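In the form predicted alone, a lone chain appears below as structure tokens.
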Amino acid sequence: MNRNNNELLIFISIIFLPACIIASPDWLNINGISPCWPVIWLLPFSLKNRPLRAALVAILLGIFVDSFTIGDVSYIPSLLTLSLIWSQYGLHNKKIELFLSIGLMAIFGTAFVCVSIWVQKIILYDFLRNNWFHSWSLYVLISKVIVTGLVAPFFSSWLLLSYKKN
């Protein structure tokens, strides 16, 4: 019964993820920039699972999120790296209950994902190497980090507690 509850929770959160990506509420946005929902979902899953399972889910999550975006850049490398780091951290620190530590990990994870996307765009597109692009990207990075840092402790803590109960 316990295994069925855990699988049901994972299934519901996977269904809920695209709804958050597509229809992010306006009160969670800063000038139209929503939180990094893949990081919010991947953080508690990686903290509670082994590296191989977390890496597999990160690759599948990256493919899923890439299907919503149009372009040559990918979320897969950054999500894979974060899942491996967080799963190792979760293996060594069994007691992860501090509300602010989850927010801090989400802030660093979102910054890593945004910088990864930024670097991929700079490498792929020569015409984006001007000052206007960098100021625009820096604004998006800072806004996404702030919003995710404020939202992640609530959602990620809820998912982490749900995984712990199941």
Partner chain sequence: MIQTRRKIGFELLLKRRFWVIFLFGAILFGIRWTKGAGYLDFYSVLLKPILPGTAQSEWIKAGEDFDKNLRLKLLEEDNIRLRKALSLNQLNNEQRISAAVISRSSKSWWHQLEINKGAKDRVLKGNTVIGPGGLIGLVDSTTPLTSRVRLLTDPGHQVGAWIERTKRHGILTGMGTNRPKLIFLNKDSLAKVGDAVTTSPASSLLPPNLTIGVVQVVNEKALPSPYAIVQLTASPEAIDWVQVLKNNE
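Keep in mind that this is a model prediction, so the values were computed, not measured. Numbering follows the first chain given and starts at 1.
As for the form predicted together with its partner chain, it is not shown, yet the points below apply to it.
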> So which stretch, 100 to 108, 42 to 50, 28 to 36, 55 to 63, is the one near its partner chain in the predicted bound form (non-hydrogen atoms, 4.5 Å)?
Replying inline: 28 to 36
>> Residue-level contact is defined here as any heavy atom of the residue lying within 4.5 Å of its partner chain in the predicted bound form; does Ile123 satisfy this criterion?
In response: no
> Is Val73 close to its partner chain in the predicted bound form, meaning a heavy atom pair under 4.5 Å apart or at it?
Replying inline: yes
> So which bits of 140 to 156 sit within 4.5 Å of its partner chain in the predicted bound form, heavy atoms only?
Replying inline: Val140, Leu141, Lys144
